[in-house]
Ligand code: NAD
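Take a look at this one chain, the form predicted alone, written out in structure tokens.
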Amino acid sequence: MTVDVRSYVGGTWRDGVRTTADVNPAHPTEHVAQTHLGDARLAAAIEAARGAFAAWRVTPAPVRGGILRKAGDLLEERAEDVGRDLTREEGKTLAEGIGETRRAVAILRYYAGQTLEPDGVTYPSHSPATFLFARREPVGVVVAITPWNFPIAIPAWKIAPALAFGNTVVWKPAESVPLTAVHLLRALVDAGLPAGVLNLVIGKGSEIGDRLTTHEAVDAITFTGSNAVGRRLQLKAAELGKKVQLEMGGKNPAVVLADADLAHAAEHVARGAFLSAGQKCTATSRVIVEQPALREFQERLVALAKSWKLGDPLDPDTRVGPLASEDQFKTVTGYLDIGAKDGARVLAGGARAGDLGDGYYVQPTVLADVPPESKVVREEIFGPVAALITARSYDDAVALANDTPFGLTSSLFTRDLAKALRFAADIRTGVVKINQESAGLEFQVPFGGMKESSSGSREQGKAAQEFFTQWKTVYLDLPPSA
């Protein structure tokens, strides 16, 4: 039985102007859902959010937190079903799908807790008659635009703080993962979220994106996606005076020094490069290895790439599932073709998995001898591809790691504490991991990138409050005594 997926505006499910199939990337002939795509008329969701804002902003913060907490409980009860649907429409393994759903549960509960934290501060005044204080208030109507690669965790870490701090939200998920989006929305609605506070709009960004982000009633936009789309959005929004938060691409390095535990390093580099089929903005893409360690490390990484099972993500033995879509498959195989033309040497993988039917499977790939100017080294691939680069020394490795327009995450493998601390200072990325894979985040700390990976703001943890609130300073003098 095919599930119909619709937009949700002002507490009502809305039919679209046309339908499209939500396909399983492991078996593209299988339709997970039928999606009703909307058009620019979905801007009614912004009016619904604006209408709901007045009441939601004055709802006591602990009451807002109670709804988030209950939504987390409901999502936890449904985690296995939600994770399975996530796997079927996005392609990551079942363990990853369920794990991501449980991460969303934890995020909802975390921001429920944040509603009990102080929301202001008092200051000493130069006047003995003045009570001087500042408090945080919600920004207003927030548009959240989220990607397909983490279809429930990324929306949770945008929507939960937005709601916790008193904003109303219009959420546009990637149209390729609508069923997972509906699961998150249902948990919040079933938990008692009032109509209009969260609105779900499903449609192509090229058709509804501009209308959503330029509408006069929108106060802020939080976006995760490609650099090209993000920068265009930022320019348009800035002209209209809207607050903008961007999280975009990465070309994340893992640096392996000669003194590292090479078995440990290979395992973590493989995890960062190949899990979720490499479809993470934090995935390891460049592996910079100090010369004395290159041969042994290379052998270990290649062995893992060849031994990890590629296959149906619902199979519990599968470590690497398919790419999320035909477009993504074409993009990744296109980069492999570029690598071949540029003279890259394939040590493992390097092609489509021809024995897995018509699914969008690309073998975990390790490349060597890739020219430094190759697009394989310079551009984000978003697939299970790791390019090995040789470094002469620590300083050379850091220079190579920083030689990119991106600056999202990085990792270093070493036993030398001094070099670990030095690397944390030398590397220009928003997240630094020591003896860990470049991917994998904790939700209670700030997340974001430097350079072209971000607009400079930070998501998650208490840092989220900076974007979703604004300061109001109050000078209060008592009236003169009679």
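All figures in this text were calculated on a predicted structure; none of them were measured in a lab. Start at 1 with the first residue shown and count on from there.
The form predicted together with the named molecule exists for this protein as well; it is not shown, and the discussion that follows is about that form.
- Judged by heavy atoms within 4.5 Å of the named molecule in the predicted bound form, the contact stretch among the candidates 128-136, 99-107, 206-214, 386-394 is 206-214.
- Using a 4.5 angstroms threshold between heavy atoms, Pro253 stays clear of the named molecule in the predicted bound form.
- Residue contact check for Leu408: one or more of its heavy atoms lie within 4.5 Å of the named molecule in the predicted bound form.
- Contact check for Asp403: every heavy atom lies farther than 4.5 Å from the named molecule in the predicted bound form.
- Taking the partner from the other structure, the named molecule in the predicted bound form has no heavy atom within 4.5 Å of any heavy atom of Asp85.
- No residue in the set Pro25, Val32 and Gly91 has a non-hydrogen atom no more than 4.5 Å from the named molecule in the predicted bound form.
- Met248 is the sole member of Leu336, Met248, Leu310, Ala181 with a non-hydrogen atom lying within 4.5 angstroms of the named molecule in the predicted bound form.
- Put simply, of Trp148, Phe297, Phe165, Tyr360 only one has a heavy atom within 4.5 Å of the named molecule in the predicted bound form, and it is Trp148.
- Residues Phe223, Thr224, Gly225, Ser226 are the members of 214-228 with a non-hydrogen atom no more than 4.5 angstroms from the named molecule in the predicted bound form.
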